[in-house]
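What follows is one chain in structure tokens, specifically the form predicted alone.
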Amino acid sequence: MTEPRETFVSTPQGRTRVWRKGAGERVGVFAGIGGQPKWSPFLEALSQTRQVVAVSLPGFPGGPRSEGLDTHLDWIVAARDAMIAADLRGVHLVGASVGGALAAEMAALWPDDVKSLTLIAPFGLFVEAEPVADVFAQPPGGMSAILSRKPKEFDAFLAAPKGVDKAEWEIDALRARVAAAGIVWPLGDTGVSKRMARISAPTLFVWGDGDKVVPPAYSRRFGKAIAGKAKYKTVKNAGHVAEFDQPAAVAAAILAFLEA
């Protein structure tokens, strides 16, 4: 697996990393909890037939600091700034988990700029009868166990990349967790339910069958609320980070959706 082309763009929040690889129609990607510390098998699979553009959001690896983002509106504007700087208007947009919460906002508030939308177990809704799990209240070392069916492998993915100081990386990883919590605070209800009807793009909802964080039943709740045509894919043997647990299956589902 070869490395992507790395560039940096300027946003009002600061210097922002953009990874690009592949050819064909562009697919923008907003990563989930932990961000994108390394080029992943999921992104690699997508890049076989599409040009993948993975932009780092504030607080996550490769992104600017997020301390000044105090409200959900601040996060929406920051995501929009990153999207514009990475030249992602009018493309297919993929968002996972907390990145999915922001991708949904892009499609709701700027519908003409999202050609299609794929949401992989997005945050954004909260139903008392089926509450989302508080990922950030897990005991030390417990976060990966609730996120992934492969917790040891997921821990390794989130570990310091080659050549990066481990002590400094621990600080970066903490900032990423704080950023993820800030996007979906409190308890995952971002208020997006008030805007879901504005989403007109065809949308694919992807969920791991073993998601312990956002119940798979939320897939239909999201789908029924949007104006665009909704499609659904349940991925077997996958947890909340389905794109990590089953990268080939998730990429195949997205590519089939884009072909259709």
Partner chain sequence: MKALWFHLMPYPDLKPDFKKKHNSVWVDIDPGVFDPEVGHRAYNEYIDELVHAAAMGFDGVCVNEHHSNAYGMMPSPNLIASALARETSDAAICVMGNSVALYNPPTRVAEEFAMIDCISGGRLIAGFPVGTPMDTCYAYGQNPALLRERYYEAIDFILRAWKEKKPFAFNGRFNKQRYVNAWPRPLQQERPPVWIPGGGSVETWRMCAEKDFVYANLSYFGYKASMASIGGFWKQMKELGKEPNPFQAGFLQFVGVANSRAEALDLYREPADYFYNRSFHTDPAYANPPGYTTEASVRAALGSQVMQAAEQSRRKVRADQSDIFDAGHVVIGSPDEVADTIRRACREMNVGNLMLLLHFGDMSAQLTRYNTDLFATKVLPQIKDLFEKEWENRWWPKGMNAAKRTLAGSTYEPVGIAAQ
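Computed from a prediction, not measured in an experiment: that's the story for all the values here. Residue numbers count along the first chain shown, from 1.
Beyond what is shown, the protein has a form predicted in complex with its partner chain; the following relates to that form.
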Just give me the single entry in K212, R65, R220, K229 that has a non-hydrogen atom within 4.5 angstroms of its partner chain in the model of the complex. R65
Counting only heavy atoms and a 4.5 Å cut-off, does its partner chain in the model of the complex sit next to every one of D70, D134 and L174? yes
Stretch in contact in the model of the complex with its partner chain, which is absent here, among 115-123, 139-147, 98-106, 85-93 (heavy atoms within 4.5 Å): 139-147
Given that its partner chain is not shown alongside this chain, does E128 nevertheless sit within 4.5 Å of it in the model of the complex, heavy atom to heavy atom? no
Against its partner chain in the model of the complex, would W185 count as a contact residue? Criterion: heavy atoms within 4.5 Å. yes
Applying a 4.5 Å heavy atom distance criterion, does A159 contact its partner chain in the model of the complex? no
Quick one: does V178 come within 4.5 Å of its partner chain in the model of the complex, counting heavy atoms only? yes
